[in-house]
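Provided below as C-alpha coordinates are two forms of one protein chain, presented individually as structure 1 and structure 2.
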Structure 1
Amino acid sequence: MRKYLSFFRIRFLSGLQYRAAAWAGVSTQFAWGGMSILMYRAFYRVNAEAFPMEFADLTTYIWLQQALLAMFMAWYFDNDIFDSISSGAIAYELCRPCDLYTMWFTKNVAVRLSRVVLRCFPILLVAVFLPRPYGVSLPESVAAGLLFPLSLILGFLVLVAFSMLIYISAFYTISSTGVRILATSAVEFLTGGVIPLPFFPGWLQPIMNALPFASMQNTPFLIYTGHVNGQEAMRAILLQAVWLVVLVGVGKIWIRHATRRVVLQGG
(Lines of atoms letter the chains of each structure in order from A and count residues from 1; the text may use other names and numbers.)
(Lines give C-alpha, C1' and ligand atoms only; values in the text may rest on other atoms or scores of the structure.)
Protein backbone atom coordinates (compact mmCIF):
# COMPACT_ATOMS: atom_id res chain seq x y z
CA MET A 1 0.00 0.00 0.00
CA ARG A 2 2.86 2.38 0.79
CA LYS A 3 4.22 2.26 -2.75
CA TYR A 4 0.84 3.18 -4.23
CA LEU A 5 0.52 6.07 -1.80
CA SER A 6 3.96 7.20 -3.00
CA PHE A 7 2.76 7.08 -6.62
CA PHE A 8 -0.31 9.09 -5.61
CA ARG A 9 1.71 11.70 -3.73
CA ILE A 10 4.23 12.19 -6.55
CA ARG A 11 1.63 12.62 -9.26
CA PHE A 12 -0.64 14.77 -7.09
CA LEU A 13 2.13 17.20 -6.16
CA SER A 14 3.33 17.25 -9.76
CA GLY A 15 -0.14 18.19 -10.95
CA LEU A 16 -0.30 21.11 -8.51
CA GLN A 17 2.65 22.78 -10.25
CA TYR A 18 0.67 23.78 -13.36
CA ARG A 19 -1.07 26.80 -11.82
CA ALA A 20 -1.01 28.98 -14.92
CA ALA A 21 -2.75 26.24 -16.88
CA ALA A 22 -5.28 25.93 -14.05
CA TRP A 23 -6.14 29.65 -14.18
CA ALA A 24 -6.48 29.43 -17.95
CA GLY A 25 -8.83 26.48 -17.45
CA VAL A 26 -10.87 28.41 -14.87
CA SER A 27 -11.41 31.32 -17.25
CA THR A 28 -12.36 28.94 -20.06
CA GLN A 29 -14.82 27.09 -17.83
CA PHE A 30 -16.38 30.36 -16.66
CA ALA A 31 -16.93 31.40 -20.28
CA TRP A 32 -18.27 28.00 -21.32
CA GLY A 33 -20.56 27.74 -18.30
CA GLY A 34 -21.90 31.26 -18.85
CA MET A 35 -22.61 30.62 -22.52
CA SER A 36 -24.38 27.35 -21.74
CA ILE A 37 -26.59 28.99 -19.12
CA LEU A 38 -27.52 31.87 -21.43
CA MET A 39 -28.31 29.44 -24.23
CA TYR A 40 -30.64 27.40 -22.02
CA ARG A 41 -32.17 30.61 -20.66
CA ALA A 42 -33.30 31.53 -24.16
CA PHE A 43 -35.09 28.18 -24.51
CA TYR A 44 -36.65 28.42 -21.05
CA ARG A 45 -38.10 31.84 -21.82
CA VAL A 46 -40.06 30.34 -24.69
CA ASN A 47 -41.67 27.56 -22.66
CA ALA A 48 -40.16 26.71 -19.27
CA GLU A 49 -42.79 24.06 -18.55
CA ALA A 50 -41.57 21.92 -21.44
CA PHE A 51 -38.29 21.15 -19.68
CA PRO A 52 -37.80 18.40 -17.06
CA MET A 53 -35.65 20.52 -14.72
CA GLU A 54 -36.18 23.88 -13.06
CA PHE A 55 -33.87 26.50 -14.55
CA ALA A 56 -32.23 27.12 -11.16
CA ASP A 57 -31.46 23.39 -10.88
CA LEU A 58 -30.07 23.35 -14.40
CA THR A 59 -27.69 26.25 -13.67
CA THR A 60 -26.52 24.45 -10.53
CA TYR A 61 -25.94 21.34 -12.64
CA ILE A 62 -23.89 23.33 -15.17
CA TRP A 63 -21.74 25.06 -12.54
CA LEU A 64 -21.04 21.77 -10.79
CA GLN A 65 -20.13 20.33 -14.16
CA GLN A 66 -17.68 23.15 -14.86
CA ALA A 67 -16.21 23.20 -11.34
CA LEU A 68 -15.57 19.45 -11.39
CA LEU A 69 -14.63 19.25 -15.06
CA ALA A 70 -11.08 18.11 -14.29
CA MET A 71 -12.52 15.20 -12.33
CA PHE A 72 -14.91 13.98 -15.03
CA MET A 73 -13.38 15.16 -18.32
CA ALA A 74 -13.53 12.17 -20.62
CA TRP A 75 -10.84 13.39 -23.01
CA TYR A 76 -8.02 13.37 -20.47
CA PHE A 77 -5.62 10.45 -20.79
CA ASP A 78 -2.13 9.95 -19.41
CA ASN A 79 0.03 9.98 -22.55
CA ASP A 80 2.93 8.50 -20.61
CA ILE A 81 1.01 5.22 -20.35
CA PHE A 82 0.29 5.07 -24.08
CA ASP A 83 3.89 6.01 -24.89
CA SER A 84 5.26 3.32 -22.58
CA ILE A 85 3.17 0.68 -24.38
CA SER A 86 4.03 1.82 -27.92
CA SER A 87 7.74 2.42 -27.21
CA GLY A 88 8.34 -0.76 -25.23
CA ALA A 89 9.13 1.05 -21.98
CA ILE A 90 6.29 -0.98 -20.48
CA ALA A 91 8.98 -3.63 -19.84
CA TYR A 92 10.35 -1.47 -17.01
CA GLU A 93 6.87 -1.18 -15.51
CA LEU A 94 6.42 -4.94 -15.58
CA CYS A 95 9.67 -5.40 -13.65
CA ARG A 96 8.44 -3.34 -10.71
CA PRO A 97 7.18 -5.25 -7.66
CA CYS A 98 3.68 -3.79 -7.88
CA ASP A 99 0.40 -4.40 -9.60
CA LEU A 100 0.37 -2.56 -12.95
CA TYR A 101 -3.38 -1.94 -12.91
CA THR A 102 -3.37 -0.48 -9.40
CA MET A 103 -0.37 1.72 -10.18
CA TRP A 104 -1.96 3.20 -13.29
CA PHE A 105 -5.30 3.61 -11.51
CA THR A 106 -3.62 5.46 -8.64
CA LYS A 107 -1.73 7.78 -10.97
CA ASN A 108 -4.88 8.71 -12.89
CA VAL A 109 -6.80 9.44 -9.70
CA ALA A 110 -3.96 11.65 -8.42
CA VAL A 111 -3.63 13.73 -11.59
CA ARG A 112 -7.36 14.35 -11.90
CA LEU A 113 -7.69 15.30 -8.23
CA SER A 114 -4.75 17.71 -8.40
CA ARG A 115 -6.36 19.50 -11.32
CA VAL A 116 -9.80 19.72 -9.74
CA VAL A 117 -8.35 21.10 -6.50
CA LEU A 118 -6.85 24.03 -8.40
CA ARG A 119 -9.95 24.77 -10.47
CA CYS A 120 -13.13 23.97 -8.57
CA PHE A 121 -12.95 26.42 -5.66
CA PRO A 122 -12.61 29.65 -7.71
CA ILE A 123 -15.54 28.61 -9.91
CA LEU A 124 -17.80 27.65 -7.02
CA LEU A 125 -16.84 30.74 -5.02
CA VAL A 126 -17.98 33.06 -7.80
CA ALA A 127 -21.01 30.95 -8.78
CA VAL A 128 -22.34 31.01 -5.20
CA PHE A 129 -22.63 34.81 -5.28
CA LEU A 130 -24.33 35.04 -8.67
CA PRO A 131 -27.98 36.12 -8.45
CA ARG A 132 -30.59 33.41 -8.53
CA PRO A 133 -31.31 31.59 -10.82
CA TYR A 134 -27.94 32.06 -12.51
CA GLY A 135 -25.74 30.83 -9.66
CA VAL A 136 -25.15 27.57 -7.88
CA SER A 137 -27.52 26.80 -5.01
CA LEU A 138 -27.26 24.61 -1.93
CA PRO A 139 -28.23 20.91 -2.10
CA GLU A 140 -31.93 20.32 -2.47
CA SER A 141 -32.14 18.64 0.95
CA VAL A 142 -30.01 17.38 3.83
CA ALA A 143 -30.23 13.87 2.40
CA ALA A 144 -29.00 15.14 -0.98
CA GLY A 145 -26.09 16.90 0.72
CA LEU A 146 -25.11 13.69 2.51
CA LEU A 147 -25.49 11.39 -0.50
CA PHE A 148 -23.77 13.74 -2.95
CA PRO A 149 -20.15 13.20 -1.73
CA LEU A 150 -20.59 9.41 -1.76
CA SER A 151 -22.08 9.44 -5.25
CA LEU A 152 -19.40 11.88 -6.43
CA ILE A 153 -16.57 9.58 -5.30
CA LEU A 154 -18.20 6.52 -6.86
CA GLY A 155 -18.85 8.36 -10.13
CA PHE A 156 -15.24 9.53 -10.24
CA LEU A 157 -13.90 6.02 -9.67
CA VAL A 158 -16.25 4.59 -12.31
CA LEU A 159 -14.85 7.04 -14.86
CA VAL A 160 -11.25 6.17 -13.99
CA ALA A 161 -12.07 2.44 -14.15
CA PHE A 162 -13.53 2.92 -17.63
CA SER A 163 -10.48 4.94 -18.68
CA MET A 164 -8.32 2.01 -17.64
CA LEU A 165 -10.00 -0.11 -20.30
CA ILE A 166 -8.90 2.42 -22.93
CA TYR A 167 -5.30 2.19 -21.70
CA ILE A 168 -5.37 -1.61 -21.79
CA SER A 169 -6.78 -1.61 -25.34
CA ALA A 170 -3.50 0.01 -26.46
CA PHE A 171 -1.81 -3.39 -26.03
CA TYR A 172 -3.80 -4.64 -29.01
CA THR A 173 -3.56 -1.68 -31.39
CA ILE A 174 -0.79 0.01 -33.31
CA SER A 175 -2.27 3.43 -32.53
CA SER A 176 -4.65 4.25 -29.69
CA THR A 177 -5.97 7.42 -31.34
CA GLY A 178 -9.07 5.87 -32.88
CA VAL A 179 -10.14 4.14 -29.68
CA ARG A 180 -9.58 7.31 -27.66
CA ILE A 181 -11.66 9.47 -30.01
CA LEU A 182 -14.51 6.95 -30.08
CA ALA A 183 -14.49 6.48 -26.29
CA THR A 184 -14.33 10.21 -25.60
CA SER A 185 -17.27 10.95 -27.91
CA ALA A 186 -19.39 8.19 -26.37
CA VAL A 187 -18.61 9.15 -22.78
CA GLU A 188 -19.21 12.87 -23.31
CA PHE A 189 -22.60 12.23 -24.88
CA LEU A 190 -23.84 9.41 -22.63
CA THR A 191 -22.75 10.94 -19.31
CA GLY A 192 -24.74 14.12 -19.83
CA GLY A 193 -21.66 16.16 -20.59
CA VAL A 194 -23.27 17.69 -23.67
CA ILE A 195 -26.94 17.61 -22.68
CA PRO A 196 -28.16 16.53 -19.20
CA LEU A 197 -29.72 13.07 -19.40
CA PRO A 198 -33.17 14.20 -18.12
CA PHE A 199 -33.53 16.18 -21.38
CA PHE A 200 -33.41 13.02 -23.50
CA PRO A 201 -36.63 11.26 -24.63
CA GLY A 202 -38.38 9.35 -21.88
CA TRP A 203 -38.16 5.99 -23.67
CA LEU A 204 -34.38 6.35 -24.02
CA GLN A 205 -33.57 7.40 -20.45
CA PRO A 206 -33.94 3.95 -18.80
CA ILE A 207 -31.44 2.53 -21.28
CA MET A 208 -28.96 5.36 -20.78
CA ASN A 209 -29.34 5.26 -16.99
CA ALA A 210 -28.54 1.54 -16.98
CA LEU A 211 -25.22 2.08 -18.77
CA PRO A 212 -22.02 2.77 -16.80
CA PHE A 213 -21.73 6.24 -18.33
CA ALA A 214 -24.77 7.56 -16.43
CA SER A 215 -23.08 6.46 -13.20
CA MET A 216 -20.30 8.99 -13.72
CA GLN A 217 -21.10 12.70 -13.45
CA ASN A 218 -24.83 12.39 -14.14
CA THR A 219 -25.82 10.61 -10.92
CA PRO A 220 -24.10 12.85 -8.33
CA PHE A 221 -25.21 16.08 -10.03
CA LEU A 222 -28.85 14.95 -10.24
CA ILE A 223 -28.76 13.88 -6.60
CA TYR A 224 -27.38 17.30 -5.60
CA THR A 225 -30.13 19.16 -7.46
CA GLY A 226 -32.85 16.88 -6.09
CA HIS A 227 -33.87 15.53 -9.49
CA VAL A 228 -32.99 12.07 -8.16
CA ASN A 229 -33.93 11.51 -4.52
CA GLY A 230 -35.17 9.00 -1.96
CA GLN A 231 -35.13 5.34 -2.96
CA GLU A 232 -34.26 6.28 -6.52
CA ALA A 233 -31.06 7.95 -5.29
CA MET A 234 -30.12 4.88 -3.26
CA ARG A 235 -30.67 2.63 -6.28
CA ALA A 236 -28.56 4.95 -8.44
CA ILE A 237 -25.70 4.83 -5.91
CA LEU A 238 -25.97 1.04 -5.72
CA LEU A 239 -25.76 0.90 -9.51
CA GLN A 240 -22.62 3.05 -9.35
CA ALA A 241 -21.02 0.61 -6.92
CA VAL A 242 -21.97 -2.34 -9.14
CA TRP A 243 -20.47 -0.74 -12.24
CA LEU A 244 -17.29 0.14 -10.32
CA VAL A 245 -16.83 -3.50 -9.26
CA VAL A 246 -17.59 -4.76 -12.78
CA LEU A 247 -15.26 -2.33 -14.58
CA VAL A 248 -12.39 -2.87 -12.14
CA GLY A 249 -12.85 -6.64 -12.35
CA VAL A 250 -12.89 -6.61 -16.15
CA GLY A 251 -9.86 -4.31 -16.21
CA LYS A 252 -7.82 -6.52 -13.90
CA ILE A 253 -8.64 -9.65 -15.87
CA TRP A 254 -7.95 -7.95 -19.19
CA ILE A 255 -4.60 -6.44 -18.17
CA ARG A 256 -3.50 -9.79 -16.78
CA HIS A 257 -4.26 -11.36 -20.15
CA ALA A 258 -2.65 -8.48 -22.07
CA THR A 259 0.63 -8.61 -20.13
CA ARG A 260 0.89 -12.39 -20.22
CA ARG A 261 2.63 -12.13 -23.56
CA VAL A 262 4.01 -8.70 -24.43
CA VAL A 263 5.98 -8.30 -27.69
CA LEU A 264 8.51 -5.46 -27.71
CA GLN A 265 9.78 -4.27 -31.08
CA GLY A 266 12.96 -2.30 -31.71
CA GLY A 267 15.22 -0.72 -29.10
Structure 2
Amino acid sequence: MRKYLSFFRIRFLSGLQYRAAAWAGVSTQFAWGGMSILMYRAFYRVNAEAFPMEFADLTTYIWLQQALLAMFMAWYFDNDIFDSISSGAIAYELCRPCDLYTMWFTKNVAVRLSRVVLRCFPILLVAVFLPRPYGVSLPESVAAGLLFPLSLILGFLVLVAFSMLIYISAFYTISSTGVRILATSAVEFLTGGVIPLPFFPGWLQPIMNALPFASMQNTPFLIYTGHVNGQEAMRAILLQAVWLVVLVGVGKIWIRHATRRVVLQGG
Protein backbone atom coordinates (compact mmCIF):
# COMPACT_ATOMS: atom_id res chain seq x y z
CA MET A 1 0.00 0.00 0.00
CA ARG A 2 2.81 2.38 0.87
CA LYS A 3 4.27 2.27 -2.57
CA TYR A 4 0.94 3.31 -4.04
CA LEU A 5 0.77 6.23 -1.66
CA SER A 6 4.21 7.42 -2.68
CA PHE A 7 3.31 6.81 -6.31
CA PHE A 8 0.26 8.99 -5.78
CA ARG A 9 2.38 11.66 -4.15
CA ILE A 10 4.83 11.76 -7.05
CA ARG A 11 2.05 12.00 -9.60
CA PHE A 12 0.46 14.77 -7.62
CA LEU A 13 3.69 16.69 -7.24
CA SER A 14 4.61 16.43 -10.88
CA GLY A 15 1.08 17.58 -11.67
CA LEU A 16 1.63 20.64 -9.51
CA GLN A 17 4.93 21.45 -11.22
CA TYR A 18 3.16 22.23 -14.42
CA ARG A 19 1.27 25.25 -13.25
CA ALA A 20 0.28 26.51 -16.66
CA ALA A 21 -1.08 23.08 -17.51
CA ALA A 22 -3.10 23.04 -14.32
CA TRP A 23 -4.59 26.47 -14.96
CA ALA A 24 -5.23 25.69 -18.61
CA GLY A 25 -6.91 22.41 -17.73
CA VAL A 26 -9.15 24.00 -15.17
CA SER A 27 -10.21 26.84 -17.44
CA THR A 28 -10.80 24.49 -20.37
CA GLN A 29 -13.08 22.33 -18.29
CA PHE A 30 -14.77 25.38 -16.94
CA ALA A 31 -15.53 26.71 -20.39
CA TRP A 32 -16.66 23.27 -21.47
CA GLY A 33 -19.11 23.02 -18.58
CA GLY A 34 -20.37 26.53 -19.21
CA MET A 35 -21.04 25.85 -22.88
CA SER A 36 -22.88 22.64 -22.05
CA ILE A 37 -25.09 24.48 -19.60
CA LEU A 38 -25.89 27.18 -22.17
CA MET A 39 -26.81 24.47 -24.65
CA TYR A 40 -29.20 22.77 -22.25
CA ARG A 41 -30.65 26.15 -21.38
CA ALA A 42 -31.69 26.55 -25.00
CA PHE A 43 -33.56 23.25 -24.88
CA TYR A 44 -35.03 24.18 -21.51
CA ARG A 45 -36.44 27.35 -23.05
CA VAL A 46 -38.04 25.34 -25.84
CA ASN A 47 -39.96 23.10 -23.53
CA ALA A 48 -39.40 23.16 -19.78
CA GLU A 49 -42.01 20.46 -19.37
CA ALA A 50 -39.99 17.96 -21.36
CA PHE A 51 -36.91 18.62 -19.23
CA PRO A 52 -36.34 15.45 -17.21
CA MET A 53 -34.94 17.24 -14.17
CA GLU A 54 -34.79 20.66 -12.55
CA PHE A 55 -32.56 22.98 -14.55
CA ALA A 56 -30.52 23.79 -11.43
CA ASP A 57 -30.02 20.07 -10.88
CA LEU A 58 -28.71 19.68 -14.39
CA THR A 59 -26.16 22.45 -13.91
CA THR A 60 -25.03 20.80 -10.69
CA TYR A 61 -24.77 17.53 -12.59
CA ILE A 62 -22.62 19.16 -15.27
CA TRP A 63 -20.28 20.88 -12.82
CA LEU A 64 -19.80 17.67 -10.89
CA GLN A 65 -19.09 15.90 -14.15
CA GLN A 66 -16.47 18.48 -15.11
CA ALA A 67 -14.89 18.61 -11.67
CA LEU A 68 -14.65 14.83 -11.41
CA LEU A 69 -13.83 14.26 -15.07
CA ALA A 70 -10.52 12.54 -14.38
CA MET A 71 -12.30 9.98 -12.22
CA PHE A 72 -14.81 8.94 -14.83
CA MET A 73 -13.18 9.61 -18.19
CA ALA A 74 -13.52 6.47 -20.26
CA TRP A 75 -10.65 7.23 -22.62
CA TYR A 76 -7.86 7.10 -20.09
CA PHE A 77 -5.81 3.92 -20.27
CA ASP A 78 -2.40 3.12 -18.89
CA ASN A 79 -0.37 2.41 -22.01
CA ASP A 80 2.37 0.70 -20.04
CA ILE A 81 -0.03 -2.11 -19.25
CA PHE A 82 -0.96 -2.61 -22.90
CA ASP A 83 2.68 -2.44 -23.92
CA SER A 84 3.76 -4.99 -21.36
CA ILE A 85 1.06 -7.38 -22.55
CA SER A 86 1.79 -7.02 -26.24
CA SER A 87 5.58 -7.17 -25.80
CA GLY A 88 5.38 -10.17 -23.52
CA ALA A 89 7.17 -8.31 -20.73
CA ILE A 90 4.17 -9.24 -18.64
CA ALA A 91 5.87 -12.57 -17.94
CA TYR A 92 8.25 -10.76 -15.60
CA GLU A 93 5.40 -9.12 -13.75
CA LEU A 94 3.94 -12.55 -13.14
CA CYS A 95 7.07 -13.56 -11.30
CA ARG A 96 6.62 -10.84 -8.74
CA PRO A 97 4.98 -11.65 -5.45
CA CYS A 98 1.99 -9.39 -5.94
CA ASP A 99 -1.38 -9.91 -7.49
CA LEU A 100 -1.48 -8.49 -11.01
CA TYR A 101 -5.14 -7.50 -10.86
CA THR A 102 -4.76 -5.63 -7.58
CA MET A 103 -1.63 -3.92 -8.80
CA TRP A 104 -3.21 -2.64 -12.01
CA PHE A 105 -6.38 -1.68 -10.20
CA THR A 106 -4.56 0.37 -7.59
CA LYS A 107 -2.36 2.02 -10.18
CA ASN A 108 -5.37 3.14 -12.19
CA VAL A 109 -7.10 4.41 -9.08
CA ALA A 110 -3.99 6.35 -8.05
CA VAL A 111 -3.49 8.02 -11.43
CA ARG A 112 -7.10 9.08 -11.76
CA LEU A 113 -7.31 10.35 -8.18
CA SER A 114 -4.10 12.33 -8.40
CA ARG A 115 -5.47 14.08 -11.46
CA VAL A 116 -8.86 14.77 -10.02
CA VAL A 117 -7.54 16.18 -6.74
CA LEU A 118 -5.65 18.86 -8.62
CA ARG A 119 -8.53 19.98 -10.76
CA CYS A 120 -11.79 19.46 -8.92
CA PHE A 121 -11.45 22.09 -6.23
CA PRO A 122 -10.88 25.17 -8.40
CA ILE A 123 -13.78 24.17 -10.65
CA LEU A 124 -16.18 23.53 -7.79
CA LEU A 125 -15.04 26.65 -5.98
CA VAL A 126 -15.91 28.89 -8.92
CA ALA A 127 -19.08 26.97 -9.72
CA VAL A 128 -20.35 27.41 -6.15
CA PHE A 129 -20.30 31.17 -6.55
CA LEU A 130 -22.16 31.24 -9.86
CA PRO A 131 -25.70 32.59 -9.54
CA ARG A 132 -28.51 30.08 -9.31
CA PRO A 133 -29.52 28.19 -11.44
CA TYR A 134 -26.13 28.19 -13.21
CA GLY A 135 -23.88 27.19 -10.36
CA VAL A 136 -23.40 24.07 -8.36
CA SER A 137 -25.86 23.72 -5.51
CA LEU A 138 -25.55 21.84 -2.23
CA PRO A 139 -26.79 18.26 -2.07
CA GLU A 140 -30.57 18.01 -2.25
CA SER A 141 -30.91 16.71 1.30
CA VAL A 142 -28.82 15.54 4.24
CA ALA A 143 -29.42 11.97 3.15
CA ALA A 144 -28.26 12.78 -0.36
CA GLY A 145 -25.15 14.43 1.07
CA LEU A 146 -24.39 11.31 3.08
CA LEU A 147 -25.08 8.81 0.33
CA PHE A 148 -23.22 10.75 -2.35
CA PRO A 149 -19.65 9.99 -1.20
CA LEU A 150 -20.47 6.30 -0.87
CA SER A 151 -22.06 6.18 -4.28
CA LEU A 152 -19.24 8.23 -5.78
CA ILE A 153 -16.60 5.81 -4.54
CA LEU A 154 -18.61 2.82 -5.72
CA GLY A 155 -19.21 4.38 -9.13
CA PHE A 156 -15.53 5.17 -9.49
CA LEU A 157 -14.54 1.63 -8.60
CA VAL A 158 -17.12 0.19 -11.01
CA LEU A 159 -15.58 2.22 -13.83
CA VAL A 160 -12.05 1.10 -12.95
CA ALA A 161 -13.25 -2.51 -12.64
CA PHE A 162 -14.76 -2.24 -16.09
CA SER A 163 -11.62 -0.74 -17.59
CA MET A 164 -9.71 -3.69 -16.13
CA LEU A 165 -11.68 -5.93 -18.47
CA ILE A 166 -10.39 -3.90 -21.40
CA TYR A 167 -6.83 -4.38 -20.20
CA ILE A 168 -7.36 -8.11 -19.82
CA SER A 169 -8.92 -8.39 -23.27
CA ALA A 170 -5.54 -7.32 -24.65
CA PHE A 171 -4.23 -10.78 -23.76
CA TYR A 172 -6.50 -12.20 -26.44
CA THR A 173 -6.08 -9.69 -29.27
CA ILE A 174 -3.08 -8.88 -31.41
CA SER A 175 -3.70 -5.16 -31.21
CA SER A 176 -5.72 -3.70 -28.38
CA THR A 177 -6.58 -0.53 -30.28
CA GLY A 178 -9.86 -1.84 -31.69
CA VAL A 179 -11.33 -2.99 -28.39
CA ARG A 180 -10.17 0.17 -26.71
CA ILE A 181 -11.77 2.46 -29.24
CA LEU A 182 -15.05 0.56 -29.24
CA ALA A 183 -15.16 0.39 -25.47
CA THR A 184 -14.24 4.03 -25.02
CA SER A 185 -16.97 5.40 -27.25
CA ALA A 186 -19.57 2.93 -25.95
CA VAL A 187 -18.81 3.61 -22.28
CA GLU A 188 -18.65 7.34 -22.83
CA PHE A 189 -22.11 7.26 -24.38
CA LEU A 190 -23.84 4.68 -22.17
CA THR A 191 -22.52 6.19 -18.98
CA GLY A 192 -24.06 9.56 -19.69
CA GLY A 193 -20.90 11.33 -20.82
CA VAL A 194 -22.46 12.59 -24.06
CA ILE A 195 -25.87 13.47 -22.64
CA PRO A 196 -26.97 12.60 -19.09
CA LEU A 197 -28.99 9.38 -18.96
CA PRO A 198 -32.28 11.04 -17.90
CA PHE A 199 -32.27 12.73 -21.33
CA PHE A 200 -32.42 9.37 -23.10
CA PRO A 201 -35.87 8.41 -24.46
CA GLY A 202 -38.22 6.97 -21.84
CA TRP A 203 -38.41 3.51 -23.34
CA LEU A 204 -34.61 3.17 -23.16
CA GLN A 205 -34.29 4.23 -19.53
CA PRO A 206 -35.03 0.86 -17.84
CA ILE A 207 -32.45 -0.87 -20.04
CA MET A 208 -29.86 1.83 -19.49
CA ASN A 209 -30.32 1.83 -15.75
CA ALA A 210 -29.81 -1.91 -15.52
CA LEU A 211 -26.48 -1.80 -17.37
CA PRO A 212 -23.30 -1.42 -15.34
CA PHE A 213 -22.58 1.87 -17.11
CA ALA A 214 -25.38 3.65 -15.27
CA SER A 215 -23.66 2.66 -12.04
CA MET A 216 -20.63 4.74 -12.90
CA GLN A 217 -21.01 8.55 -12.91
CA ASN A 218 -24.76 8.56 -13.38
CA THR A 219 -25.82 7.16 -9.99
CA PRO A 220 -23.74 9.39 -7.68
CA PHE A 221 -24.57 12.56 -9.60
CA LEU A 222 -28.29 11.81 -9.62
CA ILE A 223 -28.23 11.00 -5.92
CA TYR A 224 -26.46 14.28 -5.20
CA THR A 225 -29.07 16.28 -7.08
CA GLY A 226 -31.90 14.36 -5.45
CA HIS A 227 -33.11 13.05 -8.79
CA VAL A 228 -32.75 9.60 -7.31
CA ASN A 229 -33.69 9.50 -3.63
CA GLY A 230 -35.01 7.47 -0.70
CA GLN A 231 -35.60 3.81 -1.38
CA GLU A 232 -34.61 4.26 -4.99
CA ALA A 233 -31.21 5.66 -3.98
CA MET A 234 -30.56 2.72 -1.69
CA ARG A 235 -31.49 0.35 -4.47
CA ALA A 236 -29.19 2.19 -6.91
CA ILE A 237 -26.28 1.97 -4.47
CA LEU A 238 -26.96 -1.70 -3.95
CA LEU A 239 -26.89 -2.18 -7.71
CA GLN A 240 -23.55 -0.37 -7.83
CA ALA A 241 -22.17 -2.72 -5.21
CA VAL A 242 -23.49 -5.72 -7.12
CA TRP A 243 -21.88 -4.51 -10.33
CA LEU A 244 -18.62 -3.87 -8.54
CA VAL A 245 -18.56 -7.40 -7.14
CA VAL A 246 -19.56 -8.91 -10.49
CA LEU A 247 -17.01 -6.92 -12.53
CA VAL A 248 -14.17 -7.52 -10.10
CA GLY A 249 -15.10 -11.20 -9.93
CA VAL A 250 -15.21 -11.57 -13.69
CA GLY A 251 -11.95 -9.65 -13.98
CA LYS A 252 -10.15 -11.81 -11.44
CA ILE A 253 -11.30 -15.06 -12.97
CA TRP A 254 -10.57 -13.83 -16.45
CA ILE A 255 -7.09 -12.59 -15.61
CA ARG A 256 -6.25 -15.95 -14.05
CA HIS A 257 -7.30 -17.66 -17.25
CA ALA A 258 -5.42 -15.13 -19.37
CA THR A 259 -2.18 -15.33 -17.42
CA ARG A 260 -2.29 -19.12 -17.37
CA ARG A 261 -2.40 -18.93 -21.15
CA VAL A 262 0.67 -16.70 -21.16
CA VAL A 263 2.55 -19.11 -18.93
CA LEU A 264 1.51 -22.09 -21.05
CA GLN A 265 2.25 -20.54 -24.38
CA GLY A 266 5.17 -18.47 -23.26
CA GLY A 267 3.49 -15.22 -24.28
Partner chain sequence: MKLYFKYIGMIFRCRMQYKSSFFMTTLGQFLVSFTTFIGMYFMFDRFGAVDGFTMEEVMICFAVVLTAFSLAECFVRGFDVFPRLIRSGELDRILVRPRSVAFQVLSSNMEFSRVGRLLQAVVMLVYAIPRCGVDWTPDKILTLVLMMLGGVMLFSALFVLYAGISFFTIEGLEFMNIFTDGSREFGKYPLSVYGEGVLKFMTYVIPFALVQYYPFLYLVGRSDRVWYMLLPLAAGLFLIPCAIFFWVGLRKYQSTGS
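By convention here, residues take numbers in order along the sequence of structure 1, the first being 1. The shown structure was predicted, so the numbers you read here are calculated from the model rather than taken from an experiment. Take the two forms, superpose them, and find the largest set of C-alpha atoms that agree within 1.5 Å; that set is the rigid core.
The first of the two standalone chains is derived from the form predicted on its own.
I253 shows a C-alpha shift below 2 Å between structures 1 and 2 [criterion: core-superposed Cα displacement of 2 Å]. Relative to the superposed core, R9 moves its CA by 6.0 Å between structures 1 and 2.
Taking the core as reference, the C-alpha deviation of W23 between structures 1 and 2 is 3.0 Å.
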